[in-house]
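One chain comes next, on its own, written out as structure tokens in the form predicted alone.
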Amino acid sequence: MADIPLLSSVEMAGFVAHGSLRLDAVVPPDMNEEGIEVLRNGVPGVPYGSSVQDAYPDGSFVRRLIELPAVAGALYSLVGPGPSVDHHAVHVRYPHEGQAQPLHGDAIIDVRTDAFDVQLMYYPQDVTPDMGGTLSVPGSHLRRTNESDTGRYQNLRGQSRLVCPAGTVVFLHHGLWHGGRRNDSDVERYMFKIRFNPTVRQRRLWDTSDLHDPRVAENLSAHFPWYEHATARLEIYNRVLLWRALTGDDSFDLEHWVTRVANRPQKEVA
């Protein structure tokens, strides 16, 4: 995929740890102006499992959006060629609406350690602090909860409330805890979401030339303020499992967390 910029191993490790990837202002201004009108008019739904080609005809706004080089490169790196469309939606936060979306993950309890879906979130306009930008909790995506189990929580240490320039695209692991905040501004805020399902094994789909860069392990070892002391180790464990699946390297580990519990010697006592 030399024609599109793939993610690096350092960036992929950051995604595995944080559960998100942010691309600021990658959509040009003229497309953003068009995008606001497209979203205001609505985007018709498509059947679950549709191919990108069937869901978004050549030349359509959404097709042009996901074919932008930076967007296409990130999408390929995360889910590979030919992903299917799970669903899409236009989300609107209305001025002074007085309520926020509960914190949630877009999945039932997901036991996969070797695969994940990604959600593309596109913001066609500047999102200011008072516009109710999407709230997310970095590092929450590998903790097994059921959709809105986290809805009771209003604020968590280290949470991120999106403030961004127009044309920003964010990719989320489908399990990341997130929710639209209350819009206290005088304008409608638009966001367009597509959930993509991989159709190929998600193994070494990115630029692996820096696979042994020390920053890979540094990124995978990230700790977040909301973690409890003990279960923070479980988050690291789950990241190692995912990284092993993504790279095909079953020997990779951080501080021997997975090695310890996978140790099953086969040698018989003489």
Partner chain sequence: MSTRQQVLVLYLATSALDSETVGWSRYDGTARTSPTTGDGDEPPYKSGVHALEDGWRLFQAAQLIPPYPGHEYDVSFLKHEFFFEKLVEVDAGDGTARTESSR
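Residue numbers count along the first chain shown, from 1. Computed from a predicted model, the values in this text were never measured in an experiment.
Omitted here: the form predicted together with its partner chain. The next part is about that form.
- At a distance of at most 4.5 angstroms from its partner chain in the model of the complex, none of the three residues His91, Thr128 and Asn197 contributes a non-hydrogen atom.
- For Ala100, a non-hydrogen atom is located within 4.5 Å of its partner chain in the model of the complex, even though that partner is not displayed.
- Though the partner is left out of this view, Glu228 does reach within 4.5 Å of its partner chain in the model of the complex, counting heavy atoms only.
- Its partner chain is not shown here, but in the model of the complex it comes within 4.5 Å of a heavy atom of Glu235.
- Proximity of Asp149 to its partner chain in the model of the complex: non-hydrogen atoms within 4.5 Å are present.
- This chain appears without its partner; in the model of the complex, the one residue of Cys164, Met121, Leu135, Val85 with a heavy atom within 4.5 Å of its partner chain is Leu135.
- Heavy atoms within 4.5 Å of its partner chain in the model of the complex belong, among the stretches 100-108, 70-78, 186-194, 166-174, to residues of 100-108.
- Residues of 252-269 placing a heavy atom within 4.5 Å of its partner chain in the model of the complex: Val261 alone.
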